[in-house]
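Take a look at this one chain, the form predicted alone, written out in structure tokens.
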Amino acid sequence: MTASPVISATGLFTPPESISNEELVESFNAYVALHNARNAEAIAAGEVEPLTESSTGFIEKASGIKSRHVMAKAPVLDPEIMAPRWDERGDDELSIMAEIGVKAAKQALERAGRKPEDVDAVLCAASNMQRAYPAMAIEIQDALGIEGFAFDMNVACSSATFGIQTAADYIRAGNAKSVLVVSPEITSGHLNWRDRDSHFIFGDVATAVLVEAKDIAPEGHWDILGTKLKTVFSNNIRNNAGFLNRAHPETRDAPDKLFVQEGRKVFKEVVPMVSAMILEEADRLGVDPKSLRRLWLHQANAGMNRLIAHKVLGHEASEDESPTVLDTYANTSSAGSIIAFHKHSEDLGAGDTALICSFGAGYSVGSVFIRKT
């Protein structure tokens, strides 16, 4: 008999430091002034393009973001650094990415009334891994004291929803009864804070989702009605960082070794792809999309979410129907839709049907239809 997968609980770790748009713009414009002053002669000779200042109005219009949490605020705002900085940890110390993942995971376990020995597997599903090996998931597993198995998976912004389907499949196949999907996202490390078009996009956070078999789940869990994944190759969101960069050291620190995107192309191509996939999956599951009580969408761009929600629901979605955390968390990659679910789900009642959906680089799209018990 096939076991039915459910979401038993979620966990969230939010870094204590936050950067407002005003602080970010002040820092960025100071960098612009320094760059233009240091390159004044080359700029006058037409050899170097002058940099353009940013503004809070530009940021909010382009994205809907007002602030973002980060692991290291001071160095990010320092015009001479503009990147995260912290002391390197020894191999015998818990890595920073595992540390925040463990914090989110412990909260999820506590909310579900679970002990580490109750969990069979850990998936670390995130857009960037701190290292190639040993797997971040195995380090998190060890720190929590969990037996069983663990592995990393990266599908960029869709990693968490891909992780939920993977966990659900283990439950259905009988290979596990309880699986933690942990998404520690330190996206400040892959963001080019000196690029006007993207310096405001990302923030740091960690989330955890506990996926379990229904027969052991706590009261008030969410039945997973169905999941759907889709990938289509695109270079419009790309990061070329990797261990083979050392083979061409002359470009090892080039801008393409950080986050790069063609924002307008992404908007134009991803919105219809995501909307169509949601509607197709709803039809397959026999769910009327207009009856969906809430949409927890990927938190990347307020305009994209408005359009997707409108296509799915058939009307302009209210904040209650499609809540946002983008304004205070910014884009946290795979964690965004999970933060929205974590913070805006407890008010729903038994029988309410809803959707978690993430989308991004790859392109990748993951949808999870759920119903409150």
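Residues carry their position along the shown sequence, with the first being 1. The structure displayed is predicted, hence computed values, not measured ones.
Below: the form predicted in complex with a small molecule, not depicted.
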Contact assignment for the small molecule in the model of the complex, among Cys157, Ile164, Leu123, Ala206, heavy atom within 4.5 Å: Cys157
Among the candidates Leu258, Ile216, Val266, Met129, the residue which, in the model of the complex, approaches the small molecule to within 4.5 Å (heavy atoms): Val266
Interface stretch in the model of the complex with the small molecule - options 32-40, 337-345, 301-309, 316-324, non-hydrogen atom within 4.5 Å: 301-309
4.5 Å heavy atom contact, Arg196 to the small molecule in the model of the complex: yes
Contact of Ile237 with the small molecule in the model of the complex (heavy atom, 4.5 Å): yes
Partner proximity in the model of the complex: Ile146 to the small molecule, non-hydrogen atom cutoff 4.5 Å: no
Touches the small molecule in the model of the complex: Met97 (any heavy atom, 4.5 Å): no
